[in-house]
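Before any questions on how it binds or moves, here is one chain, the form predicted on its own, in structure tokens.
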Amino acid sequence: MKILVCFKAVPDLDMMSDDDWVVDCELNVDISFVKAILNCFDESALEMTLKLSESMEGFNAPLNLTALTIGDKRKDSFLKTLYALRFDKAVRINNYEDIRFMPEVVAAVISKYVREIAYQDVIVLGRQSGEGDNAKTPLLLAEILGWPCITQVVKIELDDSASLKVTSMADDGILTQTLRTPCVLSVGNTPNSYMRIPTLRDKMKYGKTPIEVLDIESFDINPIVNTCKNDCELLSLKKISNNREGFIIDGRTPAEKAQILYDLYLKERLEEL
């Protein structure tokens, strides 16, 4: 079974102070100095597939893991780490264009890679990135390929050589489904899913494996990019204020303060419920 895990490296915006959020005349914020980290949902997807690969050791069911990302050379360090964690193949689609808020473009590139370059049985992605937060890419990808898509995935297990047992979060609880490949899996809030750290020995042994680099120009994305740019226009940009206000409730006794709190804030909300 061939599994493709698509991930994104995003800037660690928690490193930025309030003074760093300066919007220039082109409505951009300089984040070139910010360290890149794995997107949290993609990190869960990568670790989930590694656990799946471990669970298949000793069984006659070979699993081939490929990691794919879109970006420049700064993403190579993440791909080398995945080689050290025993991914079979690492692919970077070289790109210098700003497609952070264009899930249609990302989905089109991934689908073309799967259809024309390296067919895969399963595609695993994080549900959304820390930049766009649109949660569209897995769904758009599944629609382009005509594959089923399961969202909010929290666990993947092998059922047989051509099907998976997938556990996901639903509105009314946890849902476990068995589905045949091909399929797209969108990983959601998975507990205890931080990606493992490779050993120094594995870094030395596998970290120098060549990364396959493809040029995004060969994917013919310009028509989609132009369409996305014409769909919306950025008019302003500002940092969200997280400041909170508070005041002290006056009262002679705790019971009196609790009554004031109930009358002013809780009574109306409880009546609506």
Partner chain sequence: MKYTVILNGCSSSFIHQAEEIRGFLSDNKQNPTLGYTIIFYNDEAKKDELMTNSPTTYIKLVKVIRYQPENFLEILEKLENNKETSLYIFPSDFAGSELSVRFAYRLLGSSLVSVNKIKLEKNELICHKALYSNNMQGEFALRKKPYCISIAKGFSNKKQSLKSTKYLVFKVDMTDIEKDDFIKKYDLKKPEKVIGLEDSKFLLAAGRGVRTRAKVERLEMIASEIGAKLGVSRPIAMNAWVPMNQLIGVSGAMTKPDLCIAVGVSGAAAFFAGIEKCKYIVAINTDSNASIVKSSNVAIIDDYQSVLEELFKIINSSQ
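Numbering follows the first chain given and starts at 1. Under this definition, the rigid core comprises the largest set of C-alpha atoms superposing within 1.5 Å between the forms. This is a predicted model, so every value here is computed, not measured.
The protein also exists as the form predicted together with its partner chain; that form is not presented, and the subsequent description refers to it.
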How about Cys25 - does it come within 4.5 Å of its partner chain in the model of the complex, if we only consider non-hydrogen atoms?
no
At 4.5 Å between heavy atoms, is Glu57 in contact with its partner chain in the model of the complex?
no
Even though its partner chain is not shown here, does Cys40 get within 4.5 Å of it in the model of the complex, heavy atoms only?
yes
Determine whether any heavy atom of Arg86 comes within 4.5 Å of a heavy atom of its partner chain in the model of the complex, and answer yes or no.
no
Heavy atom within 4.5 Å of its partner chain in the model of the complex: which of Ile99, Leu158, Ala135, Val91 fits that? Just give me the one.
Ala135
Among 217-225, 204-212, 64-72, 243-251, which stretch sits within 4.5 Å of its partner chain in the model of the complex, heavy atoms only?
243-251
Going by heavy atoms, what in 1-35 lies within 4.5 angstroms of its partner chain in the model of the complex?
Leu13, Asp14, Asp18, Trp21, Val23, Val29
Verify the C-alpha shift of Asp12 between this form and the one not shown: is it 2 Å or more after superposing the core?
no
Superposing on the rigid core, is the CA of Lys35 displaced by 2 Å or more between this form and the one not shown?
no
Shift of Met204 between this form and the one not shown at or above 2 Å (CA, core fit)
no
